[in-house]
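The form predicted alone is given below as one chain in structure tokens.
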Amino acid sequence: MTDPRLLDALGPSGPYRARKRETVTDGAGTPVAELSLTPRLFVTRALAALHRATPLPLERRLAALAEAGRVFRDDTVEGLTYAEYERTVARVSGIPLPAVRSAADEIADSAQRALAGAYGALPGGAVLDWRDPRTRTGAAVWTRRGEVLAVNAAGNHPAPHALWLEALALGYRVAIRPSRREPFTPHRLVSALRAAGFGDDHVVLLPTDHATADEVLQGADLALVYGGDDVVRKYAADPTVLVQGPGRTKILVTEGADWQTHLDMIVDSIAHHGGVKCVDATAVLVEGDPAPLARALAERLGALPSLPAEHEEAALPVQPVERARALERHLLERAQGTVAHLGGDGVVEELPGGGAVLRPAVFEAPDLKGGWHTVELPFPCVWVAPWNRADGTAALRDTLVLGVLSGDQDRDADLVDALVTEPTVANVYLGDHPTHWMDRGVPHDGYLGEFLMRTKTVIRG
């Protein structure tokens, strides 16, 4: 057994090895790394250094981001090759290795295409610089709302780290508080950014304990925060904090839709990347009898293999046994009153080498009144429920991605109008498109630039 790897904080003056450390373990409880936890004073000074720093010129920022994407994917970073990094992330997070690979490639690609996402939010009538000739007669200039962005990062999946790269493209300095569950991705990414030309006082990695976490947010101008419903409630009224909460992604199947033709897409939407992402479907609402679709989903999802997360063919998440059993207890308690098509006897399958696979679950709910369709768990767990026209859009609100399989597009046009205009539905995918579909050129939950930037009028003569 090798000694745990030391993961230093990455401060404005370089790496920092703290006396207080957090042990990062794999699914079997074996120590993999010791993560330095920064004290309050270190955090305060780091954020002050970011405020003092001057952003790189635009062309240099974009070139450095592109180079960082190459370093992240091609080079040995902090002693880990790309393949070693991917396997380490799978081991400590329990996310299936193929999903980690896909996410890591997405991060590298996003660094090289940061302009597409960052400037997607640019208003059509705005300019980027007050020196633009159009400001002589008055023009809107797109400018930052602040200078420093704090990121309280997610630990359920590496892919969200692709998003905050857009802030660097826009000239922000960025402080990341990594998840102590999976710190390897942000550590590698920050190291790659520094190797590519961003100063140590432009992007920092500040692991902290929970008591110090708010210091990271308070020292920044704006913050991007990931978390559950408790985090959403905490920051809901704060205009300086953008919360990325539960997805509660759904698929609606209207009367007459041939769901058998689209079964591959529905299964993929539920089980993609082990069902751990906010864009993975957790509810399927059916206009009509939901039982046939529930049975078909159970048959397909039940065939997924139970393998260690580092296995080349892994498809399901792995958790420490105690955590997996806690999730199972919560699931079975919440599922009371439903019909179990898969997972009714439990979803935990312990692995010989330690840890436990979270197997898929399919429950048929009798109605929407019990709120079963709003339950989101970090593995392929889907609630199949009946929906009718009288329910309207109420049951479809608070949804990150809503897939719609229409049996009659003319008949459903008013419904789609209502869904597209519903403020709490972030994305609407019509037809055979998996709910996890994304592209850097279109928004995921709105453009990040909508939060980071504003327009102001400049006129000069």
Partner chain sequence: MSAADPILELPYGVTPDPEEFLRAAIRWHFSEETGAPFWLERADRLEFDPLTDIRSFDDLKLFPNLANELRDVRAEDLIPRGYGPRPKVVGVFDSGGTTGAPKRVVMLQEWLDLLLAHSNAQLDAHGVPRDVNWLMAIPSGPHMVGASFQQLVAGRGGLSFSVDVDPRWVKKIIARGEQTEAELYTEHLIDQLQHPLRSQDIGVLMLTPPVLERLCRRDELVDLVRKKVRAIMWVGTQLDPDTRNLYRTELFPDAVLCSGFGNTMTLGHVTERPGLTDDEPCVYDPFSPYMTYNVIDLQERRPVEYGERGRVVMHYVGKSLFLPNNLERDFGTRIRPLPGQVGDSVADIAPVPEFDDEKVIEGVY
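Just so it is clear, the structure is predicted and the values come from calculations on it, not from any experiment. Numbering follows the first chain given and starts at 1.
Same protein, other form: the form predicted together with its partner chain, not shown, and the subject of what follows.
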Mind telling me which stretch in 62-70, 33-41, 414-422, 389-397 gets its heavy atoms within 4.5 Å of its partner chain in the model of the complex?
-> 33-41
Do all of 140, 147 and 454 end up near its partner chain in the model of the complex, with near meaning a heavy atom within 4.5 Å?
-> no
Among the candidate residues 430, 48, 58, 28, which is the single one with a non-hydrogen atom no more than 4.5 Å from its partner chain in the model of the complex?
-> 48
Of 295, 87, 180, 323, which residue is found within 4.5 angstroms of its partner chain in the model of the complex when only non-hydrogen atoms are counted?
-> 180
4.5 Å heavy atom contact, residue 218 and its partner chain in the model of the complex | yes
Applying a 4.5 Å heavy atom distance criterion, does residue 447 contact its partner chain in the model of the complex?
-> no
At the 4.5 Å heavy atom threshold, is residue 18 in contact with its partner chain in the model of the complex?
-> yes
Please run the contact check for residue 268 against its partner chain in the model of the complex: heavy atoms, 4.5 angstroms, yes or no?
-> no
